[in-house]
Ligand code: UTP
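In the block that follows, a single chain appears as structure tokens, in the form predicted alone.
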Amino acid sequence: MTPESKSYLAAALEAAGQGHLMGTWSDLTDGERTNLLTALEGLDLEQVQRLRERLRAPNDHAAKSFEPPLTFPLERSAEQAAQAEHASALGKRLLRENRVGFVLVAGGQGSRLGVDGPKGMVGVGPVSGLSLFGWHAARLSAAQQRHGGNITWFVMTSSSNDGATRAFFEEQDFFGLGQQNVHFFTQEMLPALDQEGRIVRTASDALFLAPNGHGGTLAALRSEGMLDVAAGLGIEQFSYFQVDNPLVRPADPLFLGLHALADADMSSKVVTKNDPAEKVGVLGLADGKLGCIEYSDLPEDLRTEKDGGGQLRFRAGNIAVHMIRRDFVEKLTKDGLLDLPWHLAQKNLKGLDVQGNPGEVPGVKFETFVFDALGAAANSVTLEVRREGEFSPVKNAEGPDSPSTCRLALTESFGHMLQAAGLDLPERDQDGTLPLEVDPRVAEDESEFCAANESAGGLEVLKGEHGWLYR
């Protein structure tokens, strides 16, 4: 670096309130200087300034009115039942005609869950130990064998786990889906700031960078060329889901069909909140705009309000499962027009303070959330589904939303399948869990399991040390 260019860079950083990043330049080795320059060249200082402004004004306009969304309910009238049947038939046809691409958000690490690698490598199969990645792949394989057509899987990683994710897929031979049908892309990383708006460093030559949230999926689909790939394959819809929920059904004909019939830009699945105090966002309209209303933003009286049927009026719990039109993503991301609001996550960050001392720095990570795009959708469908059948995420090592609660939810759904088919159940383990697993390629619900059991040859069940596995 010439003295002139170094001086220019230092001045630009100083003007952006980031002069501390060059403060230790004279103490760095040649290698460290190269590392720092590479990191600084990747900075968008205009974006950093916008983040600083967001930090200074964290309280956005508070909504004045809230309304629950119109949902397609679990308990349906005769007319809704007929609509559901029509929608399912349409969804099956769209799957068969390869009009759907599957977008998995998988940028996280599994360190909190005891896995040294991507979160998708965490084992959740109650008997098989199948990983989260493997479980999602099995559901996609099931869709392919039931509906025909081809599966195109878009897997969004982060810079911290991209290489390990690709290597894991290769080790698993892409779970039988074919390497040519799996497309990896990475989301953008953003610098974390301290409370004064200065970029935190993890070392004198490295910046503290964090993924930009699941809202970054939309921008990354464009910047990483996935929209072009999808258009070239004739894909019209994206089925969006996150890696931590193995109960999700990415190829749900009903959801897809309802979304298509409504000519919706973006649609969502929801589950009924367990109770008013459950700290989950609910879908609804805030000042007439559809989106996810955070638990803390919903007034207490509305959290507990009941409707005429005795249910919570605001009960549409968001489970991060969406159907999104490809051309809607194209419109949102054209010419960098995507402008999702920033959400702030206050954290103690392991790094260097502004003087270069190591320790924990009170700071902020910035994220965007994909559900904020709902407000730009011309039409939207909100489909209510059963929590026990479609939502049990793996977020914590123990307690709620942990691998153990997820396995319990899976095994209970499998038990219902066997009971519906009139089959005996294995004895429960000491903790009350059924040592039972049904491969998604066998069945994903009770009707499919009964049909498979009654088919020629019946079902293959392996009864081993860890339980019963139907495959």
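Numbers for residues come from their place in the sequence shown, where the first is 1. Please read all numbers here as calculations on a predicted model, not as lab measurements.
Keep in mind that the form predicted in complex with the ligand is missing from the display, and what follows is about it.
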Assess the spot marked by R112, M156 and Q187: is the ligand within 4.5 Å of a heavy atom from every one of these residues in the model of the complex? yes
So which of 211-219, 227-235, 169-177, 251-259 is the stretch with heavy atoms within 4.5 Å of the ligand in the model of the complex? 211-219
Can V243 be called a contact residue for the ligand in the model of the complex at 4.5 Å between heavy atoms? yes
Using heavy atoms and a 4.5 Å limit, would one call A106 a contact residue for the ligand in the model of the complex? yes
Proximity of K395 to the ligand in the model of the complex, heavy atoms at 4.5 Å: yes
With a 4.5 Å heavy atom cut-off, would you call D205 a contact of the ligand in the model of the complex? no
Heavy atom within 4.5 Å of the ligand in the model of the complex - the one residue of E367, E384, D194, D265 that qualifies: E367
Heavy atom within 4.5 Å of the ligand in the model of the complex - the one residue of R315, K119, K269, R201 that qualifies: K119
A change of 3 Å or more separates this form from the other: in the model of the complex, the C-alpha atoms of V127 and S111 are farther
Evidently the Cα separation of D173 and S111 changes by 3 Å or more in the model of the complex, so the atoms lie farther
